[in-house]
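The chain below stands alone and is given in structure tokens; this is the form predicted alone.
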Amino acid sequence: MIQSSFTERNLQLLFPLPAIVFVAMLMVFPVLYTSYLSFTNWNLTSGAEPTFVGLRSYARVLSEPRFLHALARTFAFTLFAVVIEGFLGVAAALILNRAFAGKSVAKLLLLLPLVATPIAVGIVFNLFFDPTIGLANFVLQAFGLPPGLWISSENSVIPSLILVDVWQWTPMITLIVLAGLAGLSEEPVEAARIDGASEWQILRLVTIPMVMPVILTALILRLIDALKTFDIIFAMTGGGPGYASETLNIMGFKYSFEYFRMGQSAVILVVLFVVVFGCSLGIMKLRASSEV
């Protein structure tokens, strides 16, 4: 009996091993290096080497009111954007799951925001929200309503950015949920109809519970992306006016490439990583419990 070699016995592991090692290094090294920098006081303007200062760098950043406000804005932006996108996305998916005239055209139009570059979206909406020549104020004045300042006001800049985010990313939720609806079995729905259930009862008690794992998966993906939103905010406001739209991502960018305080920037990014990781785990546990 000829014994097979180690390579032949472990082909299923050896073939993907180089790709696994490469991806692991690509993901692990930036996290470890950023974590190391967060314990230093590295400042590029000083020209000095990074010096280990322990938790003093964390204490300095976490005690800043600017950081606390940026953290609160990050949560507010993410919460409202994801909740609205989830509600509208599921509603649109339920509508598109039915047969009606023009369904193909509706799906095509739904894809248009997704194919647009976020930076281009930000530039276009800057013109849309312009207080003097913007279409938004033109429509408001046409209905006899007072014009708004939109992204030029501290009170309305976050809601305006949420509106843009909802416009661009609601279709993603819709497409994921629509794919989940297409894969559902018709037998539970038919059984509910035979038992005399109304369409609303079928939707609430049969369809939604069956597709809930897919909805939560879509929300996980959107939550992770919304927490680290950068391009739209940077293109439209740059964190302004003042610091009114500055989230953790924007603050980390400014500390790195405007103030060159790399150690404190790393602290901000580590906190953002922990927030994203923690929120993702929470929704994944909720998804797991919905499948039981």
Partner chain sequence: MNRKIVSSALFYLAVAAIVLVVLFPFLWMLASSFKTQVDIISWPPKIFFSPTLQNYRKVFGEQDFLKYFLNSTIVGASAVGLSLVLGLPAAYSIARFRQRKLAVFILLARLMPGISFLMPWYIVFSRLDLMDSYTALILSHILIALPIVVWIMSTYFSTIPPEMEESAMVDGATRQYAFWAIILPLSGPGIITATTLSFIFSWNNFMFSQVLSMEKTKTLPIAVYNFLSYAEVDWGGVMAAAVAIMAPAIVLTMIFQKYVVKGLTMGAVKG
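Small disclaimer: the values here were computed from a predicted structure and weren't measured. Positions refer to the first chain, counted from 1.
Here the subject shifts to the form predicted together with its partner chain, a form of this protein not shown in this document.
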Which residue, 84, 121, 162, 192, has a heavy atom that falls within 4.5 Å of its partner chain in the predicted bound form? 121
To verify the annotation, which of these, 197, 208, 109, 76, has a non-hydrogen atom within 4.5 Å of its partner chain in the predicted bound form? 109
Kindly indicate whether 68, 72 and 144 are, all three, within 4.5 angstroms of its partner chain in the predicted bound form, using heavy atoms. no
Against its partner chain in the predicted bound form, would residue 31 count as a contact residue? Criterion: heavy atoms within 4.5 Å. yes
Even though the partner isn't displayed, in the predicted bound form is residue 80 close enough to its partner chain, meaning a heavy atom within 4.5 Å? no
Any non-hydrogen atom of residue 256 within 4.5 angstroms of its partner chain in the predicted bound form: yes
Taking its partner chain as it sits in the predicted bound form, is residue 262 near enough to touch it, meaning that at least one heavy atom pair lies within 4.5 angstroms? yes
Determine the residues of 121-155 with a heavy atom within 4.5 Å of its partner chain in the predicted bound form and present them in sequence order; the list may be empty. 121, 123, 124, 125, 126, 127, 128, 132, 133, 134, 135, 137, 138, 141
